[in-house]
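Quick heads-up: it's one chain on its own, the form predicted on its own, in structure tokens.
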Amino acid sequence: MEKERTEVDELDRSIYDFRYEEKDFYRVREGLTEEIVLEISKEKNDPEWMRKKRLEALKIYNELKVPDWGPDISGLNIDDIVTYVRPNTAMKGSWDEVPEDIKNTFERLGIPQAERKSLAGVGAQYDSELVYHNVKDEVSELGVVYTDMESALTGEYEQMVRDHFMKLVPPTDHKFAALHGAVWSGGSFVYVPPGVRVDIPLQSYFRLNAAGAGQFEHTLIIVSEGAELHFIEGCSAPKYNVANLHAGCVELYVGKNAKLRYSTIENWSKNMYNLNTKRAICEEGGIIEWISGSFGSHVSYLYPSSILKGDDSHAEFTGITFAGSGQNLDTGAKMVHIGKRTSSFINTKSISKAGGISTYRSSVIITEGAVDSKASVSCASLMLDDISRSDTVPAMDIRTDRADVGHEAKIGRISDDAVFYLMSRGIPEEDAKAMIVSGFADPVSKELPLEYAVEMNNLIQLEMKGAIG
């Protein structure tokens, strides 16, 4: 049990309570073998089709190679990663029933206070399992389904899960999608019936608390014709001196004239390899909006993708990343235009400090049949010193001359004049720079609910002070 006793840094010690004793959890062995996959499948009470799907994904994983582009992930050895850790508690519907040590962790992260203030429902995952899930009665009465993936898989929504699970992100997509397909655990299932508008957000929060472990949650959201939903995802982990892995998967289905906003604030620790895959598909007139704030993690590969299948469908991506010392964050977005008169807009901001590396990588594809479509890409980078790095790697594949496509990229540094102006008003230099960076990030924060905008700005302040480990 040596890994579980690994010490965290002082910031994490002050923010997050955690403990690990033999009785507190069940975990499979490190590594990835057929025996381990079958053990996870048994723990999850998988139906036979899911067990087969896991084994097929494992076969694909063993055949595929690690991507030969992007940040170096040679420090990640899957043989050292524990792929399943189950807390010693069943999922609870009442917060009072959650074990005290787990409850303390989430309460310090603002769960369930946020639920009582502004959320229609909350799911909280601790390592590989949801430990708490609740949804307001008035939302359930509308026919909205919000539950954990395991309950959906083994209950009345099994066929719906089977029809959609890893169809948008097949295991053949890349090596870590295949890994996810083999060992996935936890996550959220949401179904919004036709015409139903959920006026307040749903949220899932994922906490990876075990040293040397991976988290592989699967989120599946189906928003039916004419419906509307805002879903918020939060992620965090304490810092250890061994590698942790996050290889979750998000699949979003947006029906005809439906709208889905998917907001994410990721505050992983800087020993985390964040290799997440997110993808949405929009039918005719459908709208998908991505809001993304990416902090922490040692390495990130994160490129939410939107497939604009239906005519007149629309996608937007608004994101910010902050790369500090020892971080290499490779992020961006992908838009695939298939339907006529489709439109997309990408607006990203990246900040690099203390030698951090930010890379913006995007892809815009307009197919031959996507006539009269529009796409706009805008990326801006801010470097706070002369040892950091920022790169822009856009790609555009336009197959029709009946399209309007634009791209803009800017890289700059904090203005000395702006810092001087603020300091002349009595603001210390460090606070002045933090204010400028917060203003730079404003396009993202203003798109978030108030509580989450405050959280993001707090993370920026901590990053500016070098306080996040």
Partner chain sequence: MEKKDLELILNSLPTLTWNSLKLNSTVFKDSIDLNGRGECIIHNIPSGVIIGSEGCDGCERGRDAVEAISGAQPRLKPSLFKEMKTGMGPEAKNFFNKYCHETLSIRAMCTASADKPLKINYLPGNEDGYVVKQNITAEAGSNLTVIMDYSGRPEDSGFFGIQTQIFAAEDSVVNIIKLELLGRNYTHFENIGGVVGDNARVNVIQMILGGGKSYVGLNMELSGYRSSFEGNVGYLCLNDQKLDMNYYMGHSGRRSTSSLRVEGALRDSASKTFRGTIDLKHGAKGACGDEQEGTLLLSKDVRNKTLPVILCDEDDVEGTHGASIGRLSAELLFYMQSRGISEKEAELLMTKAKINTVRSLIKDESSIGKVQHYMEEAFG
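Positions refer to the first chain, counted from 1. Computed from a predicted structure; not experimentally measured.
Not pictured, yet referred to below: the form predicted in complex with its partner chain.
- Contact with its partner chain in the predicted complex, defined as a heavy atom within 4.5 Å, holds for exactly one of V393, I200, V242, A354, namely V393.
- Checking D397, E156, E141, D72 for any heavy atom within 4.5 Å of its partner chain in the predicted complex turns up a single hit: D397.
- Shown alone, this chain has one stretch from 227-235, 163-171, 144-152, 361-369 that lies within 4.5 Å of its partner chain in the predicted complex by heavy atoms: 361-369.
- Using a 4.5 angstroms limit between non-hydrogen atoms, V190 is distant from its partner chain in the predicted complex.
- The closest heavy atom approach of R51 to its partner chain in the predicted complex falls outside 4.5 Å.
- In the predicted complex, its partner chain sits beyond 4.5 Å of every heavy atom of N271.
- In the predicted complex, none of the heavy atoms of S263 sits within 4.5 Å of a heavy atom of its partner chain.
- The partner is not shown here, but in the predicted complex the stretch 394-412 reaches within 4.5 angstroms of its partner chain through a heavy atom at P394, A395, M396, D397, I398, R399, T400, D401, R402, A403, D404, V405, G406, H407, E408, A409, K410, I411, G412.
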